[in-house]
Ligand SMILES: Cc1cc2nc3c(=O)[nH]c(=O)nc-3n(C[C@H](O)[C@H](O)[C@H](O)COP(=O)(O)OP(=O)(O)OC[C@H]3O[C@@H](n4cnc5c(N)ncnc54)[C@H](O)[C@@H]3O)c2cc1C
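Single chain ahead, by itself, as structure tokens, in the form predicted on its own.
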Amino acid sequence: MADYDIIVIGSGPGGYIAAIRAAQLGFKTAIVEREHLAGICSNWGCIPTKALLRSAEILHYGQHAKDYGLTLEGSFKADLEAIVKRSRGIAVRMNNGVQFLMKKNKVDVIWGEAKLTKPGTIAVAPTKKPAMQPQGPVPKGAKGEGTYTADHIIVATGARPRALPGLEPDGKLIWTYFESMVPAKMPKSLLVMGSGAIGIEFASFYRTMGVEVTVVEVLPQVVPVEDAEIGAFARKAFEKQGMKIITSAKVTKVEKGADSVTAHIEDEKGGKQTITADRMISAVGVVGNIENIGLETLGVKTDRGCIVIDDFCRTNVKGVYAIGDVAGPPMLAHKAEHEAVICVEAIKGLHPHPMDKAMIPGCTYCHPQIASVGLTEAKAKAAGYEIKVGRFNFVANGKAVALGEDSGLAKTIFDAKTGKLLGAHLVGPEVTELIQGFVVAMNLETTEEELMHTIFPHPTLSEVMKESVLDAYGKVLNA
């Protein structure tokens, strides 16, 4: 008899959701964690970064109080220590929440580093290497080192910041997102290498806090996974805020001073320049944590730093599964959570639907916010679709004008033959909340006609969504 029905390695968004769903379905379940219960997302990623960005947002509004007919008496400035303390406090709260959920669902927590030793067996040892940041608290009642067996083992070990040769973060002058969240003091200048979600969110935070920010991106546009039109709109907004952006260029070398870095930058045409900044953030993506967990021992197949899985998260080795970042892109918490449910329900024999990656939304919490789902205009054309494209600017939306946040764009892409919604792309206020409306619509296979007949409340920001649909078919009303 195995010790457990299911053991999950890693307690991030994918891991802890897998453990909860397994327990709900009657499986005897354990979860193994070596550093932070709730994983990177809740402790050093999704949640604490949003806390920092919220502080920056409030600072922005305070600095523009006169725009709203308000006068703030006395000084209104950022207290970096208090901002970081608030963010870390929220991370602790999330950590405690997951600890409560494990106890509530009777999931055993095993503390340490897990390694697959043979089919159905893991060995758990004390965490050997120091965590990148102080290790989280060991949950009360957690089990420790030893050998554990299970009929099914789910690998949910997540990912870590990618390091480029010669440009490796050192934690002092060159930061990853870990150090970027807990600066001892605010730098006067900052160079951000990479303009994906992580890079541009930190660029936005530090710029709002008054730091001189330069972003270097190797591809032709910032936020390169987004629709080109959205990327261009966002770039103009960032540059209007005073951010310097260099695209089609790469950092080739970094020279470290006593308290600064000098980056050598080369563009695609061979042009060279140097930029000196107090600190540099390396935000060039993440890589799956596949090392030292015994994958080679069992012959688990990997590809480009990630574990290869099928539609139900099964690896090529019976009884071994993988979910979340370690199983490949898109490396998003909500993708990991959905995979977790699919994986466990498939083990139970409930026949879940495979995940359609075309319907996974992406959100970037910079200012202005960016959100999207489905195909970009370029990808829709490349896929052979004849398309209809609708656009609507937030400047014509009453709620956006009333909020004083009227800079934004909603863009929708339809199959001209069937009316199928192929993609939706937004930049502007609170679009990370709006995007789910389009996600639901796509999941329900909604057509343009059904969206046009949907009554959107007024006045709301969501009206830009309907207007963009109307525009795609020459029926826009407020522009």
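In this text, all values refer to a predicted model and were calculated from it rather than measured experimentally. We number the residues from 1 along the sequence you see.
One more form of this protein, predicted in complex with this ligand, exists but is not displayed; see below.
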Interface segment, criterion being heavy atoms within 4.5 Å of this ligand in the predicted complex, picked from 421-429, 64-72, 45-53, 434-442 | 45-53
Partner proximity in the predicted complex: M209 to this ligand, non-hydrogen atom cutoff 4.5 Å = no
Is there a heavy atom of F238 no more than 4.5 Å from a heavy atom of this ligand in the predicted complex?
-> no
Is the gap between I9 and this ligand in the predicted complex 4.5 Å or less for some heavy atom pair?
-> yes
With the cut-off set at 4.5 Å between non-hydrogen atoms, does G158 touch this ligand in the predicted complex?
-> yes
Answer key, this ligand contact in the predicted complex at 4.5 Å (heavy atoms) among V254, I309, A333, V320: the residue is A333
Consider the chain as shown here, without its partner, and state which of E113, E226, E377, E179 has a heavy atom within 4.5 Å of this ligand in the predicted complex.
-> E113
This ligand in the predicted complex reached by all of E35, I40 and F202, non-hydrogen atom within 4.5 Å | yes
